[in-house]
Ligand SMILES: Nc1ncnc2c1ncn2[C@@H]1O[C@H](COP(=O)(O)OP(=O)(O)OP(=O)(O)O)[C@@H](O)[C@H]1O
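Single chain ahead, written as structure tokens, the form predicted alone.
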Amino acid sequence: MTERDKVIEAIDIKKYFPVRARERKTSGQSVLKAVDGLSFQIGKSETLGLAGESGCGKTTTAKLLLNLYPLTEGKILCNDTDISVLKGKELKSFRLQAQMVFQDPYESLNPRFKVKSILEEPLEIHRLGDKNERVDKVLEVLEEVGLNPANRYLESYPHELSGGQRQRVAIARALILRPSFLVTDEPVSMLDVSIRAGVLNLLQRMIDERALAGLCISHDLSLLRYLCHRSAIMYLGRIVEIGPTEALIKKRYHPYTVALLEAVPHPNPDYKYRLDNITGEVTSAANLPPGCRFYNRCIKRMKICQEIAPQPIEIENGHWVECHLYNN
């Protein structure tokens, strides 16, 4: 990725939440380290997948990139602008560049608004175009997301649409401002299996045609394999492995990545699952060990893993892993 193609750059970003005094007695730590030192880049026409168990920090990372949470430490650049220091008009201008598609189209669309009003609202907030120009943009974006003929949907309420149509309206709402960065959080998990491929193809086409930088959060590794150019595996606030999606799925260096992929149902009924590759419970992010965070669940743990946190190492071109198995 060249500097010219780079849209988003996260530099050692951290987000800590205070722990209440009652909880602190047993945690030994005054903060919950939801995100603890992430660094990555996302370029034009590229989608980065983010996977991991619930509570690992995926959604918090997305909210940091959208400037919905203030950073504890680090820096986030969007088109070479540090978004953490933006205020007033500059912050409002950033909102034009970064948009999000939420998991549940039932919740993300105002049930009292018709489709026309839902899509016009962002344009009105940012004072873009007059009344006729806004209607033209609404019709244009509805056509782009595959709701044809567009006029048919203008006067519809969300409850009058199918789940797939609602999600297409949600995507249209995110795209109507012509952003350069798009976050999708489990974008098809609420949809019927029969219509998921169509929505994923739409997202893929929009990211490619509009040269967007995309971040896709999902528990579904097959979705990341289909949609994302690169993927990152998170565990307790850290990225333990990141690389080209296909290489990461096929080679899976980190023991946690192996465990995640072994948990995916296999189409071959005779496939022998490696159920012994993960043990124990997830450590609390408010009570992290001094060494590797995966130590208590890893069957390949060594003494050094308990004492010293591993550092990222590049195994292959663009494929990084954070594990003592490869640091030695």
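Treat the numbers as computed from the prediction; the structure is a model and nothing was measured. Sequential numbering from 1, following the sequence displayed.
Just so it is clear, the following notes concern the form predicted together with the named molecule, a form of the same protein that is not shown.
Open item on the list: Would all three of Phe17, Cys56 and Thr59 be in contact with the named molecule in the model of the complex, where contact means some heavy atom lies within 4.5 Å?
Closed with: Answer is yes for this spot.
Open item on the list: Residue-level question: is Leu32 within 4.5 Å of the named molecule in the model of the complex, judged on heavy atoms?
Closed with: Flag for Leu32 set to yes.
TODO: Find out whether any non-hydrogen atom of Tyr69 is located within 4.5 angstroms of the named molecule in the model of the complex, and reply yes or no.
DONE: Yes, Tyr69 is a contact residue.
- [ ] Using a 4.5 Å heavy atom cut-off, state whether His219 contacts the named molecule in the model of the complex.
- [x] Yes, His219 sits close enough to the named molecule in the model of the complex that at least one of its heavy atoms falls within 4.5 Å.
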